[in-house]
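Consider the single chain below, provided in structure tokens and representing the form predicted alone.
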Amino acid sequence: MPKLALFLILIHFLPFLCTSFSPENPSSRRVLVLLDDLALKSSHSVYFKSLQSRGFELDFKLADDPKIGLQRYGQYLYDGLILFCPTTERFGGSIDLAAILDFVDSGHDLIIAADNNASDLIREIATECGVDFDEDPAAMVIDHTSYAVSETEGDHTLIASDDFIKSNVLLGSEKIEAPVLFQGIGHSLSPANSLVLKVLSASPSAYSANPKSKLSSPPSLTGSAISLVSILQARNNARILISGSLVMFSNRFFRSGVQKAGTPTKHEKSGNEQFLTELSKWVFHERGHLKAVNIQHHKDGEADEPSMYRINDDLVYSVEIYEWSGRSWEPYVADDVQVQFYMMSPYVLKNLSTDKKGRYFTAFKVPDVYGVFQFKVEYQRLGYTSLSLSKQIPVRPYRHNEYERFIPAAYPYYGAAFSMMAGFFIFTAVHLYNK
């Protein structure tokens, strides 16, 4: 009977184990989607279907469902979390602020979409991620020069923004031609958090205020300091996307035409779908995820890795680096990967050459200093997971029988010693036999 119960438990968890995040398949596969209203499943279906078409398994739940949870028996059930519930004051089940932060600290990914009705809970989560939404609960981003042209004049809260971050690894190699429609709340980046980045910024003429009331004081957020969409990659390579607009993910904004004020060009379709689809590929590790394998070092001319090196040995160091393409590991090609031979400080710093097939290598001479060294590769580039490789190796001095028998630099001293002996012999001979 106990064996039968164990078998049933394993069968129950088999789907989670088969689709979970792993080093060989780093894309988040199973994603929990928390909604304010299940109607969002249909109003934002294009975005959800783009994820499902790429192999993601979405589990839709109401944010206040009393049965929801991120883990069971100490194991996480999901690889990613999408919060499309800006008005939720309290999550159901075992999910709370601490649970979400632990989820991210465990290396999992998170997408947060807020709006001008964002609850204190959503604001707290964003603050913990290095983003501060406008404190005014009625504030929205307003722009009287970069708004989206519409049949009704409106209050210019519908913004057409094309101020994207310049990064192919974040937004793909294909240029986003159409502006992105945004309507929601702006946020600023915490100066204490150097890991958070603006992906979509407001124009210099934008400001954050209540569109239904007159300004009585200067707005707290103005110009390009306003971020519309931001990202963060934690030091454990967990990725977070924070947007101040939930409606920008909607089918209506995906399919809507757009014309930016002051420009004659009218695009039949906004850039929302391309922008958010490409950004989701980055968030869920379909792009920009690196791994390093086959770290090797050996003496020049040999193949086996030694247990230690001797000072002034010639050695060869190599490592293979690959990037996940969403389906397979492809060779990562770059010219800025470096290795350090490190003891308290780097004694050797060398650029690694590459064969463009994923292998990076270099050769150098061990410094004339003995001790415990490390081969270190610290690789951090915008949009890519960071690589931190370290391998320890001792370096010894020459043994007593490994020094050269006659050192060329000591030839003057050898000459002085032998000349003194010869002079003493001559002096003795002259003294004894001179009459």
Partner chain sequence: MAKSTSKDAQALFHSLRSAYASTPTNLKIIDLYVGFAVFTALIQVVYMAVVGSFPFNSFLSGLLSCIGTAVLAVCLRIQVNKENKEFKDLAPERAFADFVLCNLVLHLVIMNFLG
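None of these values were measured; they are calculated from a predicted model. Numbering follows the first chain given and starts at 1. In this text, rigid core is short for the largest set of C-alphas that superpose within 1.5 Å between two forms.
The form predicted in complex with the partner chain is left out here; the points below concern that form.
A.B. asks: Pick from 401 to 409, 63 to 71, 48 to 56, 372 to 380: which stretch has non-hydrogen atoms within 4.5 Å of the partner chain in the model of the complex?
C.D. replies: Only one stretch passes the 4.5 Å heavy-atom test: 401 to 409.
A.B. asks: Hey, which residues along 368 to 386 are within 4.5 angstroms of the partner chain in the model of the complex, non-hydrogen atoms only?
C.D. replies: Counting only heavy atoms within 4.5 Å of the partner chain in the model of the complex, no residue of 368 to 386 makes contact.
A.B. asks: Taking the rigid core as the frame, does residue 38 move its C-alpha by 2 Å or more between the shown form and the other one?
C.D. replies: Residue 38 C-alpha, core-superposed: shift of less than 2 Å.
A.B. asks: Does residue 389 move appreciably between the shown form and the other one, meaning a CA displacement of 2 Å or more on the superposed rigid core?
C.D. replies: No, residue 389 moves less than 2 Å.
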